[in-house]
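Given next, in structure tokens, is a single chain: the form predicted on its own.
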Amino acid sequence: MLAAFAGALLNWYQSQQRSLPWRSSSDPYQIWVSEVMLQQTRVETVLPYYARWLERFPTVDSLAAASQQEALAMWEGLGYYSRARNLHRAAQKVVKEFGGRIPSTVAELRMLPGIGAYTAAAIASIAFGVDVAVLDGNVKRVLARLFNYSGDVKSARGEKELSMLAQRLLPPGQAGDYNQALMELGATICTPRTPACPRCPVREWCQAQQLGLQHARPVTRKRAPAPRRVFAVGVIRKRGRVLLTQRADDGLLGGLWAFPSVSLIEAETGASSGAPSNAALDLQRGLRQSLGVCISVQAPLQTLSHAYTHFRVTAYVFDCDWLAGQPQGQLRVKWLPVSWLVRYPMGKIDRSIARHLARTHAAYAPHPGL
């Protein structure tokens, strides 16, 4: 079964694979970049970012020589910014400790920031031909259906058992193509909700399909409802400029720039009824305590929402005037003309605010004497 299954899968892959830029490359750096970008992100979204990234950072040395801010700026909009920070740190480690040579073994690859079991296996097999199986979400789904696996594929036990099955199926000497074929099958045929079983090249080996259970596999634990976080955000004006703060390096949006904000307790009436009645006062008090600035909160500017992986954010944005106090604390701060905001990497909500200001706030022209 093993040889026949692998042969059918590889034949299908050779004739049906999507034409993707990283598949035509044997450069370990380009393969590494593609694997990091593709984590939890759709191929269609990654394609333009991948092209721009390689134009700006064509080699691991060029990435290592750049600043983290340059890397974050090129990554802006792709999300999961720890990937960009880790990729930048890893490039510096490759140059410093490996002489600019990307490691070829799983063990060495896992020494680099941001490279876990899956990414190490993908790079080692695709770039260096190491006989190691990958296990991402697509592969888990394919294997769960193929073997009618009824365990939780996201549990520690499920990961271990599926990893053993994946390694057992791996054809020696063909790991790179085989791993990509299995992932391609999951992405294009063995999809989560509507698997195209009649077109599947390995359906004769699929136990779940034979039992009519393909829609019931894989089994995963139910997610708890995503919590909602609510913020008041201040666009603080001072002599034609606005205040930005840089987030700490750790955390979801680490290293990015943001408009000052404070966390609010969610109003019982919900987001649709507008900002909580205490939002403006909490913003005023919170920024006096955290930044040491006194502000006058003016009219609401926007209400913005964004869904992250594990929570949702609602941001009530207010126009504010600076009254007194110099920004202080551990965060970096800058007073900037609106036209300069495009130069600073931001998360989606802050970028939406910056674009709104660029479109509607001509009064934010830089003051000639500042």
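Numbers follow the displayed sequence, beginning with 1. What you are looking at is a predicted structure, and each value in this text was computed from that prediction instead of being measured.
This protein has a second form, the form predicted in complex with the DNA, left out of what is shown; the following refers to that one.
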* Looking at the DNA in the model of the complex, is some heavy atom of each of 43, 79 and 347 within 4.5 Å of it? -> yes
- Task: Give a yes/no on whether residue 20 approaches the DNA to within 4.5 Å in the model of the complex, heavy atoms considered.
- Result: yes
**Asked** Do residue 141 and the DNA share at least one heavy atom pair within 4.5 Å in the model of the complex?
**Response** yes
At 4.5 Å between heavy atoms, is residue 113 in contact with the DNA in the model of the complex? yes
| Contact label in the model of the complex: residue 118 to the DNA, heavy atom within 4.5 Å | yes
Picking from 197, 252, 130, 281, the single residue whose non-hydrogen atoms come within 4.5 angstroms of the DNA in the model of the complex is 252
In the model of the complex, the residue from 101, 96, 223, 239 with a non-hydrogen atom within 4.5 Å of the DNA is 223
Assert contact_stretch over 176 to 184, 282 to 290, 257 to 265, 231 to 239 against the DNA in the model of the complex, heavy atom within 4.5 Å, equals 176 to 184
